[in-house]
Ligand SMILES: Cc1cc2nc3c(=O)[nH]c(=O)nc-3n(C[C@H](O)[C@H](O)[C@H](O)COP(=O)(O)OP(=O)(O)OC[C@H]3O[C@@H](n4cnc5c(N)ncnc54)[C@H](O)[C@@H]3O)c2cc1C
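The chain below stands alone and is given as structure tokens, in the form predicted alone.
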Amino acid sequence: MSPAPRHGRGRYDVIVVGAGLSGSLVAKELGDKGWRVLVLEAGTGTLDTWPGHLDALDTFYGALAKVPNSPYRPNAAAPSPDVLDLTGLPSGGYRAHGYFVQQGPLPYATDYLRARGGTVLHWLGLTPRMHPEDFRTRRAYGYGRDWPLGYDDLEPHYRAAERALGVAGNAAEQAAAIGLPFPDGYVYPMHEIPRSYVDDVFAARLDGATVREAPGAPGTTLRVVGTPHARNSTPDRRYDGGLGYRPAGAAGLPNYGERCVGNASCVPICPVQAKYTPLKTQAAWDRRRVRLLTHAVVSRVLADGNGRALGVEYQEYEDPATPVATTRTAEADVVVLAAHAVENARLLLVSRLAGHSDQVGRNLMDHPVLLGWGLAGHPVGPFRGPASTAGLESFRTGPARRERAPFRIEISNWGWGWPTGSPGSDVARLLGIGADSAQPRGKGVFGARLRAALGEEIGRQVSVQFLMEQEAEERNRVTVDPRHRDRLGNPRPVITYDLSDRVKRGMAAARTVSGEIFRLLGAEDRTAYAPGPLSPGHFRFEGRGFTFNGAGHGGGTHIMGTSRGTSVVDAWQRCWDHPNLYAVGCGSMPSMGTSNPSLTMAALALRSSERIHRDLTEAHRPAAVGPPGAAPAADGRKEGRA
């Protein structure tokens, strides 16, 4: 075994930039194979202990706005974009402040988190697989970009990711209802998260019903389908040939959080940590091989004149509130950027690397979300966790994809929490407190009347979330501008973003479907889109108003392809221009597909880890000494490695 180098110094086999989902998985895989890995995390690392977790919970409970980043303390040295950075204008349009410099026609309304654990600390926890069609939309439907690999190539890594994250689901239902291929007899590590009562109400009225997304359009048959989760449920004894599965407990308190108990605040933070976070993967790192350094902002990737990455330059700071940093360097045989789609692109641009195709930073994507909300005729029991346990998957595939963006529909368990900020907004309204703090307070109701009014309305709230596939467009991009810098002097991301007419047509179809769903439910449709301070994503299309939200699914920016001339990374997420520089994560995706992307991102990271291991093995293969023509050793790994 090779000795691990001293803290933050020396030469490593691999440097991983970012301790989020992809970075944590890559470090785990390579550390287990005996490689010395240095993980550099720009943010702080207080959440891996139980007291740190409790502090984040208290921060969340005390936050006025319960948004994704609200449990996590601001960090001036490694700032993160926040959904509260955007404000809608009274007559349409938006104003942006915060980390992003936004200059597009529409706002990029998605956020992420720079901290140990990354954005997956506040994710929804849904882990559906992409549909096989999602990998070949250009060939099948004439739009977007095809992936350089297909579903079958990624399928073994999907299974590996489902093990690594601890996925609960029903594979037989996913195959029958969506058409996802699984190996014969495959089951997820854990049984599916039980459906909510809201799901049952939807299923009773919608299963087998047909709706049309436009007059004269073909009918689409609805079916409520359970959604796979990276969230602890009951282990399936049939998993892994009958060996079963042991759920991972909380970081810092391993015997806690082994089952989801239905908390209604698991986005942005699961109180019991039944939801997967990368902190669970990090707890399983081989500490002899994997070293984590937080408070380390990578400012540049270093490369030689032949295009080989040499290492990174990073800024080490102590106090996140008053950032003063010391610049250091670290060297490695392989550098892996796993810092989020936007941060990966920013680093490549600042370092002036991987630029042959002129695609770095371009093709920025998300799953723009359209919301619909209504008031049921009877109580439906909202506000129990998780946020969504089932959806409607019928609009992900089919010929309509030629004309408009496909979408999947999440059934929300949390009433109007996302559309209107309920239940806090309901309480404020009934107390006479309006959205505009400059206006005088109105007449409110109190006591028994207040409780009765809240019970009457909140218990009947239903809502649906339409996640639109967004295709890659070069005009949507991340750039850097030396005039815009953060507190450490690093260029901030400059964002240009818009929605295509294809996406807008998809939203128009979704709005019609939303109305049909509420009609079938017998619910009063309360959906309304109007410009205003809470609607920065408002726009008009073909005479109608719409408001979209960000999904937190940042993608594109170092896009994957088959050619150095048209893409940034190859099918292994390895930069075409730099054979030992990898850029992993959703930034590599040629399309966002019709599923939440985290599971696919994890599968890609595991697949890249295999390639990196082979690269390192080859690089460390001893020189053959012997007679000419002698065969090389079967295993050329460096002596002493596991």
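One-based numbering along the sequence shown. For clarity, every value in this text was computed on a predicted model and none was experimentally measured.
The same protein has a further form, the form predicted together with the named molecule, not shown here; the description that follows concerns it.
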Checklist entry - Counting only heavy atoms and a 4.5 Å cutoff, which of 206-214, 289-297, 237-245, 471-479 contacts the named molecule in the model of the complex? => result 289-297
Checklist entry - Any chance S22, L347 and G552 all have a heavy atom within 4.5 Å of the named molecule in the model of the complex? => result yes
Next on the checklist: Can you tell me whether A338 touches the named molecule? I mean in the model of the complex, with a 4.5 angstroms heavy atom cut-off.
Outcome noted: yes
Next on the checklist: Taking any heavy atom pair closer than or equal to 4.5 Å as contact, tell me whether P107 reaches the named molecule in the model of the complex.
Outcome noted: no
Next on the checklist: With the partner left out here, check for me: in the model of the complex, does some heavy atom of P68 sit within 4.5 Å of the named molecule?
Outcome noted: yes
Checklist entry - Though only this chain appears here, would H157 touch the named molecule in the model of the complex if you measure heavy atom gaps against 4.5 Å? => result no
Item to check | Of M190, A115, L86, I517, the one that lies within 4.5 Å of the named molecule in the model of the complex (heavy atoms) | outcome: A115
Checklist entry - Among the candidate residues V513, L370, L392, L126, which is the single one with a non-hydrogen atom no more than 4.5 Å from the named molecule in the model of the complex? => result L126
Checklist entry - Does anything in 38-75 come within 4.5 Å of the named molecule in the model of the complex by heavy atoms, and if so which residues, in order? => result L40, E41, A42, G43, P68
